[in-house]
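Only one chain comes next, encoded as structure tokens, the form predicted on its own.
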Amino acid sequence: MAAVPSSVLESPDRPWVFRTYSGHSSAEASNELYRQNLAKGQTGLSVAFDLPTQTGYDSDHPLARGEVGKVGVPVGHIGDMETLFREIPLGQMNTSMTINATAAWLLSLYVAAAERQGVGAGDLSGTTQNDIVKEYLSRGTHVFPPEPSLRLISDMIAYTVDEIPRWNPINICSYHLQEAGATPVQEIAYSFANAIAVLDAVRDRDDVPADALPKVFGRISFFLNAGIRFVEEICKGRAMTELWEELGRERYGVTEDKLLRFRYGVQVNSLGLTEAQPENNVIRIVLEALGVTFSKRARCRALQLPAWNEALGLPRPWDQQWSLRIQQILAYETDLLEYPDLLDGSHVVEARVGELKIAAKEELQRVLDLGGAIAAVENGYMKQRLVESQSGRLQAIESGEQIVVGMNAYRETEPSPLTEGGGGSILTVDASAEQEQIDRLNAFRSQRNSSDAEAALKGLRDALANGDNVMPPSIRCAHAGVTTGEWSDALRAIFGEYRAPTGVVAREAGMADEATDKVRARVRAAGDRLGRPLKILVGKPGLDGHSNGAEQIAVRARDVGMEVVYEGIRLTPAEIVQSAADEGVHVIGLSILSGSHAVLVVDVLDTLRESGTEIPVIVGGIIPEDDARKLEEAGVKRIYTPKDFDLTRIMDEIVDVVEEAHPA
């Protein structure tokens, strides 16, 4: 074999930042996990916050019931933030915080915690996701209306560009757009539309001089998704790199090469992880990691990988370690970082990059012609396009056109030693964690100086009313012991709250095949016997905003002829039951992916019984087998998990449930 010419080899590149997205139960438990991960070679932190923290509620708020510590760490005040980073020198750490609606508050707590460590804000480095626009389209942790949300984002950018110059104040996040169904073209176009909305808002501010705009442009980073079609993901990253530079030069007049760099972090695709044969997920994760590391010119700056068992539940520390080792082997054992860009000059790659750029520019222009990203959120355009794309993807899987190994093809399998332990193959948050967090919150409130907290809150309210930057008074609130709920309530009182369009609209043509036609006939027959059309309420109790599954159930239910009541996310069990009674539905379908099913589903069942309303309940979500058995014992009629990809079969079984509740 011929030797590789030494002129081709380079000094190895520095690896990207190794992160693991983690946090659960409490600040103390998460701090222990972070220190363990750093000791194993992780080079940055990626903080997962629980849903009450993300949506601006204290742990004892009624809407927080069942959600505390489930999908991340609860942070209610400065004491929690100090505990979270105990013995972690913040001046030396690169910290990513996945937080959006309450990003200004969590950054304020982080700055305050650093100051108490003796570290100035100017020495901090890291990222707040802070892309509230995509929350309206995908993940659902928005709180305030679009315009006030845009103000909060631009406040943070205007403040950090000088005060925290090494901080990325926003991470334009196309990750969740792909999870919500976005094609590569949509992922590029909609994330760039978000970026333009933010940059235009900052450019229009009086407190950001024109000569500071290039610095602002240079501090904006992106957070991408990498799916299993890793060649296309490589091309997507290269297309975004070229388009971002074009946007900077042409729209914002940026000329410095360093500021024009497309800087992005990644978590590879969790949507494609399967509950069936979950060991296959390791191979998927490795291939997806290649999609964002293979191409030197468009290589990610930071990478976090999901664990093989995230379709089953919350990963354990060992599972997260395995994902960290994937990164380390790729960076340190292979020769990937020793060569120039391996794809430069590839006719195939250049052609696909060109196609993506042309199509993304066209779709971006459609959004801009509608008035930009904010208008396209408010009129539902982008959300409807995502729901349509997701429907197409699921239909392709259901029909077998898109093969998912182990799920809709090659299903024969040996028992997996990884899952033989049943519930032991995932981490379960102790049920006592919620009450313990509430107890800590109450103790903190009783020990703080209440007059200082109230004075700080008054300063925050005055600043908001006067149009001042939210960051300085928020940092004062953090030091004064204001809680997450109190800070958010101050903003709610001025800005109000917002319910985003669901994107679920009647389709001109649903699925057309023999199985679907059979279900349509059954739905019509059931409606004739009941004296009116079969009607389903699709509900999302609690704070879980991942609405993709609920939206697709609603779309398919309409396709087969059912009447559908779907009011979006963030409903209490009482609101769901009242709506079901008012609408006269025949069945309630609950969707929960946050792990709070054990509490919230039972609350719905109890509320139904207390109200004397007899409506059968079905449930979908990431539900371990042990929990599924308990829910069935509690009265749930059917349970669906990520392995249940056949939506037509689910519709057929919903008819069974209604017929069982209304026998002839």
Partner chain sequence: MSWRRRTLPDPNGAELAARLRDRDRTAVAPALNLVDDRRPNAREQARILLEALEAPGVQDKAVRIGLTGAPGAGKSTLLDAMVRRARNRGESVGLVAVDPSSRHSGGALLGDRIRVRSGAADPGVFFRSMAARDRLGGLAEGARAGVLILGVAFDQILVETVGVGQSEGEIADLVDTLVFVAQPGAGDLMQSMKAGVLELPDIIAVNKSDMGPIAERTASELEAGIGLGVGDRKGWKRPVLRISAQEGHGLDGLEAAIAEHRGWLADSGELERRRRRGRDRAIEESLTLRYGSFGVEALGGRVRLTACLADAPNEPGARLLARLSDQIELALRSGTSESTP
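Worth saying up front: this structure is predicted, and the values here are computed from it rather than measured. Numbering follows the first chain given and starts at 1.
Omitted here: the form predicted together with the partner chain. The next part is about that form.
- Put simply, of F262, W322, F217, Y498 only one has a heavy atom within 4.5 Å of the partner chain in the model of the complex, and it is Y498.
- Taking T502, Q395, N408, T419 one by one, only a single residue has any non-hydrogen atom within 4.5 Å of the partner chain in the model of the complex, and it is T502.
- The stretch in contact with the partner chain in the model of the complex, judged by heavy atoms within 4.5 Å, is 613-621, chosen from 28-36, 64-72, 613-621, 51-59.
- The closest heavy atom approach of A180 to the partner chain in the model of the complex falls outside 4.5 Å.
- Under a 4.5 angstroms non-hydrogen atom cutoff, the partner chain in the model of the complex lacks A201 among its neighbouring residues.
- Contact annotation for K637: at least one heavy atom lies within 4.5 Å of the partner chain in the model of the complex.
- Taking non-hydrogen atoms only, I329 never approaches the partner chain to within 4.5 angstroms in the model of the complex.
- Looking at the partner chain in the model of the complex, residues E567, Q578 and L608 each place a heavy atom within 4.5 Å of it.
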